[in-house]
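Below you'll find only one chain, the form predicted alone, shown as C-alpha cells.
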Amino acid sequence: MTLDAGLLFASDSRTNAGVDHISTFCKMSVFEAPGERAIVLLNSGNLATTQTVISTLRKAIGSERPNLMTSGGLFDCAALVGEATRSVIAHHAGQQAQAGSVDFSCSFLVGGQIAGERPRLFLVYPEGNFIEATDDTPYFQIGESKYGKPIIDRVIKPSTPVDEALKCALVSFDSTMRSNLSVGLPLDIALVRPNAMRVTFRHRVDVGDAYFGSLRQGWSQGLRRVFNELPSPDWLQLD
C-alpha cells in the first residue's frame, strides 16, 4: 500500500504443492542502504522461479552490472526485476520443455524510496512489464487476492493512517486464509516512512500473536452481528 504516511508491505509465507506438501518461505526481500535507499520486494508464484530471481538480483550487487543498489530510481529497479523475471521464466521453461504443464510464472511488488525521488510502488508481471501505483489505485495485491480484496477496496486510500491500513491488511489476510489453504501464517510486515531511506518497522505475525488472534475473533463477531442486523427482503414470500 502506498500511503501519505509511508509504504506498507505485508506478505504471507506459505507455499504448497498440494494439500500434503505445505512449506514456509519468506516472500519479502529487503535491499537497503540506510540514508540512501530502501527497496522492498514481495513475490508470489512458482517458488523456484522467485528464489532464482531474488538470487540473480542479489548476485548482481557489487558487480559492474546494473543492480538494485546502483539504479538511479525505483522505475529502473522495477525494470531490473522485470528483466530478471522474464529471463528466469524463459530459462526454466526452456529447460523443462518436456516436463508437462509446469507453471513457472511469478509476480513481484517493488517499492521503496531512493534519495532524490518520492516513494514509489510497482507491480511487475511475469512477462516483465510493470505498472505503478497511483492515488486512484494506492495498493497492489499479488497471489491469491480475491477473498481479501473487498475490504481493502472499501477502506484504503492515500490518506489512510498506517495503523488503520495495517489493520485492514491483516483483516484481508484473515479473510483469505479462511477461504484458501494456500495462504497462511506467518505474515511479514514492513514499513518504509517517507524520506527515512530505510525500513523503519518490521514485524512477523505468527500463530501466537495475541493482537492478530483478537482481530480475527473481533472481525468474525462483528460480521455476524452486522449480518444479523440487516433486514430481510420485504419482497420474499414464503409458504
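All residue numbers are counted from 1 along the displayed sequence. Since this is a predicted model, take the numbers as computed values, not measurements.
Note that the form predicted in complex with another copy of the chain isn't included here; everything after this is about it.
A heavy atom within 4.5 Å of another copy of the chain in the model of the complex is found for exactly one of 166, 88, 79, 133: 166. Between 203-211, 24-32, 65-73, 49-57, the stretch whose residues reach within 4.5 angstroms of another copy of the chain in the model of the complex through a non-hydrogen atom is 203-211. Contact check for residue 183: every heavy atom lies farther than 4.5 Å from another copy of the chain in the model of the complex. Although the partner is absent here, residue 103 is not a contact residue: none of its heavy atoms lies within 4.5 angstroms of another copy of the chain in the model of the complex.
The closest non-hydrogen atom of residue 127 lies beyond 4.5 Å of another copy of the chain in the model of the complex. Not displayed here, another copy of the chain is kept clear of residue 40 by more than 4.5 Å at the level of heavy atoms in the model of the complex. Shown here without another copy of the chain, the chain has 218, 219, 220, 222, 223, 224, 225, 226, 227, 228, 229, 230, 231, 232, 233, 234, 235, 236, 237, 238, 239 in 216-239 lying with a heavy atom within 4.5 Å of that partner in the model of the complex.
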